[in-house]
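The data below hold one chain only, encoded as structure tokens and taken in the form predicted alone.
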Amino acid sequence: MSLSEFEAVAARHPQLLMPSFWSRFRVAAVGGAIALYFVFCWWFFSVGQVLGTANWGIAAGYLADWISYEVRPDIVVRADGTMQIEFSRYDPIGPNPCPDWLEAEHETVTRTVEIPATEMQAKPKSSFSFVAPSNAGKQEAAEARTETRTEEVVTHAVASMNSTDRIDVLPGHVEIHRGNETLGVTLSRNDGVRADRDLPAWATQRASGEKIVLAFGFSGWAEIRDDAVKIHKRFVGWENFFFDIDSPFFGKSAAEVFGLLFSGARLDPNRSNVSLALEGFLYNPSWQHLDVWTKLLQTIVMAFVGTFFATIIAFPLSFVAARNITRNGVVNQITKRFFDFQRSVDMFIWALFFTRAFGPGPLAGISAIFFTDTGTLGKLYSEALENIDDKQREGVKSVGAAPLAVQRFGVLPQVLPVFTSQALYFWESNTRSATIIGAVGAGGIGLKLWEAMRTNQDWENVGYMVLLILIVVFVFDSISNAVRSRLIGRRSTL
């Protein structure tokens, strides 16, 4: 048909060349359907309300805790107006610290202390007694009394949270300087905590008279109560990562530590400094390096053993499930439904089930990985078998080879690289999954991670363990990729 004839036909029957309604508007229709779906999801899950009420400050604080540590002094305000600065027993900067950011004025005063009544149990004079154990010690009651003491107390304390913010504490009064703003707070045992003006955005109080919480961004936060000012000052880094405050190497510089390790006098006459330092590092109570590394190794072994046994079981079952290998529809369907049963339930649920059955520990994790991966690998293997080239198999069969030899030389060379690469991929993936199922009691680093998160204070330990998990995943990903590349070629991908 020439161009003139085509134009003549188009003039006589224009409707033939007009695109259909669906062809003209399908892009807009599909886009509109997707947009409506997102609007429905926004409404159904109340995304706007959730985002509006989310406490991003707390979430940011948790993330900041991963890479930082807090020093938490309490400035205690006693009923008689004297003050005292107290650090917790396990404070990361050691016992009796005097940080330069916390200045205090001291004064020696004579004060009367009320000592409440107590009961003391006298020790028995001998370990053998005819008197019943409950009556062996004589109960001596100490009556309540007052005692006059002369001691050094704090009269004024200033905590510098950063270069512009500070908390000025006096008996009965606290003044907060944050940038150009100043907030005064009065402390009273009877009247509670009262601010001298409306609270700014960085200060919150749930109810009149209750504690006031102050936010200083990454520098930390503080609580003002009627009897104390609790300060949480944040510093970047992981304090005491190598040696805890009880270690003889605590507080020493790297040069001092190396000097002691290789040429210094023995800190403990019964052992070398290297042995002492190694024990202090591995059994560091703040970081528990040896325990964390042991749990991480447990996770790796758990993932390997579970994947290995799943591969061993899935391999023969996949030949039974493949329609072109086992020509029995009933057997095929029963095997495939068995795979569906195993993989339809998430590994996390299986881990809960086996934790109840075997108790907490790696066996539950290994069983969960084995059970889930047997179904998944069996399905993948059977589908790979059903897609092989039958010519190779028919060729081996045509020379009169036995059925087992047909599978060995006609089928296996086609699928073995795929089988191996998939097993390696699942092993790598299970290294991550084993961390998650460990949190429900299946052992490994996951349980350790969950314990650290539950304290709501050891978030730097959480960051440490997450970093170790990332390193392990990167290493195993590289190993898995290298092995797969050798098996199926560098240009091929799984």
Partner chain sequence: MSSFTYKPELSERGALIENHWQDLARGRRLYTMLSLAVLALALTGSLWFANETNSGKFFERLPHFFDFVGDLMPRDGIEVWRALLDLPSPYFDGSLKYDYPEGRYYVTDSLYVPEYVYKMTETLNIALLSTIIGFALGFLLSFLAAKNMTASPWIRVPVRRFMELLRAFPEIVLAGFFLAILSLGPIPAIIAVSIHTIGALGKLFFEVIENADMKPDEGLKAVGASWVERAWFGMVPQVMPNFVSYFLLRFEINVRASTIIGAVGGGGIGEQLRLSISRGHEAKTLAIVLLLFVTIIAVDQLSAWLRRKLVGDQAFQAVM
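Here the structure is a predicted model, which means the values were calculated and not measured. Numbering follows the first chain given and starts at 1.
The same protein also has a form predicted in complex with the partner chain, omitted here; what follows describes it.
- Contact check for Q298: a heavy atom falls within 4.5 Å of the partner chain in the predicted bound form.
- With a 4.5 Å cutoff on heavy atoms, L470 counts as touching the partner chain in the predicted bound form.
- Contact annotation for S188: none of its heavy atoms lies within 4.5 Å of the partner chain in the predicted bound form.
- The partner chain in the predicted bound form comes within 4.5 Å of a heavy atom belonging to W459.
- For the candidate set V76, V331, V257, A405, a heavy atom within 4.5 Å of the partner chain in the predicted bound form is found for exactly one residue, namely A405.
- In summary, among the residues P269, G179, G359, G237, the only one with a non-hydrogen atom within 4.5 Å of the partner chain in the predicted bound form is G359.
- In plain terms, the part of the chain that comes close to the partner chain in the predicted bound form, with a heavy atom within 4.5 Å, is 347 to 355 out of 157 to 165, 275 to 283, 347 to 355, 257 to 265.
- Candidate site formed by F25, L36 and I388: none of these residues places a non-hydrogen atom within 4.5 angstroms of the partner chain in the predicted bound form.
- In sequence order, L449, W450, M453, R454, N456, W459, V462 are the residues of 442 to 465 having a heavy atom within 4.5 Å of the partner chain in the predicted bound form; the partner itself is omitted from this view.
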